[in-house]
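Heads up, the chain below is alone and in the form predicted alone; it's given as structure tokens.
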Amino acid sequence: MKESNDWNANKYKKHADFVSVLALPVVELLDPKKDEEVLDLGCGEGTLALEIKKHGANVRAVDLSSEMVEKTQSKGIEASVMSATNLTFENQFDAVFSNAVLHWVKDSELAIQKINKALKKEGRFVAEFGGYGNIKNLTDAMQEVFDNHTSWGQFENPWVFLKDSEYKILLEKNGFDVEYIELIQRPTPIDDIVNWLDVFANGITKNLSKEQKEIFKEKVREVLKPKQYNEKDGWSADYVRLRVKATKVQKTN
């Protein structure tokens, strides 16, 4: 469900499987029930949609990547290409679930409005995504490398990382009662920062030549290594997640 990157589903599965594995507590927070209608917003390759379906819920999935949608469909999940800010559903779902997606959406408020519209009365919205401070060391390193290579152009940050207080205000302003919201510090082991950049930063480097992309990855690795690597544990990413559960409320005039 990114708005700037093209996903490679196989590469994602190989190097970013932690995204789904670490989200199982978010599925528990959703607590899907038998025969409920659930929308998985930004389904990726369908791992969590399948997990929700195991609880007996009827799952509909959407993602901005056609390759990810095909992978989800291959798991027997109804899925289609759609973005968070262009959801076409209305009063259709008991719950909307989203993992590791909404920090890619620049217009956070519009996404919330579309999610609210998609939910039935008293439907719930459960999500986890990058929050304030997420991958700060990583983005600082990317900024530094671009600053040192001015011919590449400006570093364009594709992400929005909001504070829990900011997101709570947006939810309450747009028809939600917030039951739970929390910023969670979660340093996350990864196999190598170069592989992380291959999966998540190809939109940032889309205007670079092949040679420049290789320089970018190696220079980011060099800058980041003192902060995010040690011999004992290997590489990690400085993740901070924003986890939320909210309920659609009846608007009053």
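Worth saying up front: this structure is predicted, and the values here are computed from it rather than measured. Numbering starts at 1 and follows the sequence shown.
Although not depicted, the form predicted together with ligand BEZ is the subject of the following passage.
Of the stretches 212 to 220, 28 to 36, 196 to 204, 44 to 52, only 196 to 204 has residues with a heavy atom within 4.5 Å of ligand BEZ in the model of the complex.
Of the candidates Ser108, Asn134, Asn116, Ser83, Asn134 is the one whose heavy atoms come within 4.5 Å of ligand BEZ in the model of the complex; the others do not.
For the marked spot (Ala100, Gly130 and Tyr239), a heavy atom within 4.5 Å of ligand BEZ in the model of the complex is present in each of the three residues.
Shown alone here, Phe146 lies farther than 4.5 Å from ligand BEZ in the model of the complex, counting heavy atoms only. Taking the partner from the other structure, ligand BEZ in the model of the complex has a heavy atom within 4.5 Å of a heavy atom of Trp104. Using a 4.5 Å cutoff between non-hydrogen atoms, Trp159 counts as a contact of ligand BEZ in the model of the complex.
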